[in-house]
Ligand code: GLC
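Next comes just one chain, in structure tokens: the form predicted alone.
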Amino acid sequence: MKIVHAASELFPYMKTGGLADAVGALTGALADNGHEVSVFLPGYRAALAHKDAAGAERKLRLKIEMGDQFVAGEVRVFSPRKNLRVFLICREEYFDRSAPYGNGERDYEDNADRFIFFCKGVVESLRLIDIQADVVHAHDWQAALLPLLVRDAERRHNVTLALKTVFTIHNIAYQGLFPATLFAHTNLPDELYNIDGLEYYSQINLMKGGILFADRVTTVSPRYAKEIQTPEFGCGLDGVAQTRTEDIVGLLNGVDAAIWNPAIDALLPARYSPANMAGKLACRAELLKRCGFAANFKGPIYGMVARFTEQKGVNLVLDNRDFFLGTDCRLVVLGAGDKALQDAMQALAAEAPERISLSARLDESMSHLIEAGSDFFLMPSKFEPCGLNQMYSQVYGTIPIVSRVGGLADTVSDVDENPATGTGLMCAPTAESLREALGRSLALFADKARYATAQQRGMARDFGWAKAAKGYEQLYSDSL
């Protein structure tokens, strides 16, 4: 098949979270399976500076209609592996910035124009390069207009750009809401600004467009596909999602085994496998050293790698400060984001630097070390479409402590509820339930044989993208 993906992030060229990992691994797996895969990404400063893009070919000059004016840009392309091409939709004014969505304090004010331009650039590339896609697959709100713009361009130019379109919701909480006046910049027919189109409480909602107009809609776990159709998790779009019940499918993300595999992980001080766990002890020792903790510490280490948002349950960890201050344990946190949460975590770390460490930054190497060197990994998310770290944790022999939501519930089995199959500890997304799970973790850690058995079960699980990609291949085939 000829498969086109479009996303605002793609590992290793731009990453702020799991979206980049998922799109990078899925497209790579599809290419490895022999499909002709094209991936479109905004031409960010970081992407253009990557070594893979050094010899990128200037493929097109773009002249994109944006309302009543035309905006210039260009398309560059390079091929990092067999059967895979990466197309960069470039315009310095929009994408030559240090971060993809905002400056850390607030979102960029022109994000609507930036990603409308991106989607239109993808459509123009499909038309002018004549890719003849079987499937065009758009990810999250930044690319959500693509299914609709593809069909509009086909109508206007009397061509076929894609046989089918797919839209994946990685997180329905981020919808691309903008003032209604910006609808004009889409150049779509006026009748699409209504309740059955992009209109949403007198604004435009780009994700709504993706849900309504793609041929198939996917989420990144089976449970999340059901959750988004409920008021509790639908973030106001549950009614819209319910109109596509027959077309929504949940497909779990996977783990890129070329990057997340403790037996070959070059970012670790030592490698290890289920048959020889000595390297994990070396990683634990290095983590203690890196955090300035006593080298001879024998109690449990709790790791957490997350964006600082309420979604990720950072506040639930803070609400359990007495556990981390009063128990013989260590807490290692890597992440940044919401200023209030980050300041609160920084204050907690400052109160007990011998017990708690915070690295308030994005650090790929440190994230691998935390996964390998911790005994437990904290993911008490209030909602979690799929989650990757709970899968990384199991692969790395680290017991995940997770909320019973979304992809976390689809990928973790509680060791107390399921003694023969359990690989982690589960709780409700509340401070009280997390505290109960933390108490159970102490009992599990003290029972070395039971802990080791849970470790081995987790490491034996197959979360690879080779398996996960088959679900997408079947979806594409069934849709054509």
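Residue positions are given as counts along the sequence shown, with the first one as 1. All values reported here derive from a predicted model rather than from experimental measurement.
One more form of this protein, predicted together with ligand GLC, exists but is not displayed; see below.
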Consider the chain as shown here, without its partner, and state which of Val220, Leu145, Ile228, Val136 has a heavy atom within 4.5 Å of ligand GLC in the predicted complex. Val220
Heavy atom within 4.5 Å of ligand GLC in the predicted complex: which of Gly373, Gly313, Gly210, Gly387? Gly387
Tell me the stretch among 169-177, 294-302, 87-95, 324-332 that has any heavy atom within 4.5 angstroms of ligand GLC in the predicted complex. 169-177
Is Thr165 close enough to ligand GLC in the predicted complex to count, meaning some heavy atom within 4.5 Å? no
Does Ser125 reach ligand GLC in the predicted complex if we count a contact as any heavy atom within 4.5 Å? no
Would Arg307 sit within 4.5 Å of ligand GLC in the predicted complex, counting heavy atoms only? yes
Determine whether any heavy atom of Met14 comes within 4.5 Å of a heavy atom of ligand GLC in the predicted complex, and answer yes or no. no
If you apply a 4.5 angstroms heavy atom cut-off, which residues in 237-259 are near ligand GLC in the predicted complex? Asn253
